[in-house]
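Only one chain comes next, encoded as structure tokens, the form predicted on its own.
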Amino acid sequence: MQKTYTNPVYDYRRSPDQDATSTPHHPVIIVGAGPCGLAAALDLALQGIPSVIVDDNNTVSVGSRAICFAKRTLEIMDRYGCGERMLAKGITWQRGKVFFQQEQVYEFDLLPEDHHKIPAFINLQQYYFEEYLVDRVNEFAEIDLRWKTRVTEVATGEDQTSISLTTPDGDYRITCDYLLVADGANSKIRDMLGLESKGQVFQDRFLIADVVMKADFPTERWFWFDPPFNPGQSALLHRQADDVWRIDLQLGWDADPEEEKKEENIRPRLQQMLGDEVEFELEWASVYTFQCRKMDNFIRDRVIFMGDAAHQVSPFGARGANGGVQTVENLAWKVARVLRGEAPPQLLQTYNDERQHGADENIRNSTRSTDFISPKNHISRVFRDETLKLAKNYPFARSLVNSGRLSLPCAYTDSPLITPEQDDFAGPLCPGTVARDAPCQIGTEPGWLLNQLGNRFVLLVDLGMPRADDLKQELQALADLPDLDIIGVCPAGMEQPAAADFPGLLISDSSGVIAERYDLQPGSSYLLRPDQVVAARWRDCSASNVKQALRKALGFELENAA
């Protein structure tokens, strides 16, 4: 098999902890240097929290694995400082086509509006994604990444967690305030604690193959139901970086995984799909089944599970890695505030509440996609096939076609941290949803709104208020809050106030897109969490309302909170 990528080999280095005379203690230890573990360390570092990552390997993932990274994940990566590198290497796409047998049924556009910094999706092999995260991690003194270091024992308690480690030159033990577990779907830490992940195993098999070829297929997501080259089954085609194309072929439950993985059996299947005239080299292949399952509780004492260790979904809809990164973003700011004494420990329970909701949503969408792609009885197949026939000519039927509902951030509208809506606003950006990006101007430089948000709480306020003195008084009452940044939005055509007269950052909405997406009017204000989720919004900026919503968002109104 041809290789377009050579896995880096990272050096094992002996840790000073191994020579300590007493058991070393760390605020946070992270198990697993995959996408979620690396992301968690970066998020914590940006908020001033040091961490140790341990991983029993010394390289990134072998094979492309997860390849579809959604807009929200890329926005998070942009906040971490590695988004631009991923965008530069990845293959950007936003259009897709759905085929039934020999005909195109319809096509779709995932990002039909303009004025977004980040595209709807990129395709990027997971090994690149991880490599770029490792490179970024190595830029932070707050992060201690230890390769070839395996956890052999975990002891949990109410006050701290202790873990035993084995390395190429000896064993040692360390403790931490919080152990974050991102060691994958077959989590050994979960097994050590006697915990389980429950759910459904789907009785189907899929061939996943990466092929290197120079083809003139457009950069789109193509999905086939019952194609002539794989009758009765499904197929998926995606382009990746380095002229690598991802192909998924449904095989059926009776397929022999060991036989199907052999190149002499894979090549005829792919040639039938691509055409006899297309030359390609097989780079990587695997046969997989999948499960939709999750833990009942992602927290055990001071051990917190993330990513596939906490929840799994089928690959349809790209909800695995994307959902995992969004899980990390939800957790990191809460751990940081609890460790700094700025929030009660009960705040961490809302990670479980909010991300159980996210996992349920991902599993529900993933299960429905799987049932549509792989109907298990005659009636289900008739329904699916008739829906596909209708979808060609009738737009209403296209919403029923399910080749994988692509990953979107979930909304935490029912979270106890969210202040319910009090005023009338237009549009979908209600409390509990993720902030939307828009172009802005900072001084004379162009910029993007989301790049000004994150890591801290932010109050976004429209400065086009006739009663400027009243607004200034309200903002001055908030200026000294330790974890709150204030951003003033100057509407199109408005002259910015002097910086000395405003207790925060001034940005200009010269295009009017911020006002449109946030339905801003003079005095409108939004409180945004460190994970860029809207915590509250009001038509008039009131210091007392902001302080109350901030207290709620930090968990002080939770039962038993201090």
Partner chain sequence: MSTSHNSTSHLNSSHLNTAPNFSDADGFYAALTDAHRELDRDQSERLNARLILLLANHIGDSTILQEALQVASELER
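Note that the coordinates shown come from a computational prediction; the quantities given were computed from them, not determined experimentally. Residue numbers count along the first chain shown, from 1. Between two forms, the rigid core is defined as the largest C-alpha subset superposing within 1.5 Å.
This protein has a second form, the form predicted in complex with the partner chain, left out of what is shown; the following refers to that one.
- The shortest heavy atom separation between Leu111 and the partner chain in the model of the complex exceeds 4.5 Å.
- At a distance threshold of 4.5 angstroms between non-hydrogen atoms, Ala411 is out of contact with the partner chain in the model of the complex.
- At least one heavy atom of Lys389 is located within 4.5 Å of the partner chain in the model of the complex.
- In the model of the complex, Phe217 stays away from the partner chain, with no heavy atom inside 4.5 Å.
- This chain lacks the partner; the member of Ala492, Ala479, Ala88, Val382 within 4.5 angstroms of the partner chain in the model of the complex by a non-hydrogen atom is Val382.
- Think of it this way: in the model of the complex, the partner chain has a heavy atom of just one of Val201, Cys430, Ala155, Leu400 within 4.5 Å, and the residue is Leu400.
- Residues with any non-hydrogen atom within 4.5 angstroms of the partner chain in the model of the complex fall in just one of 238-246, 287-295, 225-233, 392-400: 392-400.
- When the rigid core is held fixed, the Cα atom of Gln101 travels 2 angstroms or more between the shown form and the other one.
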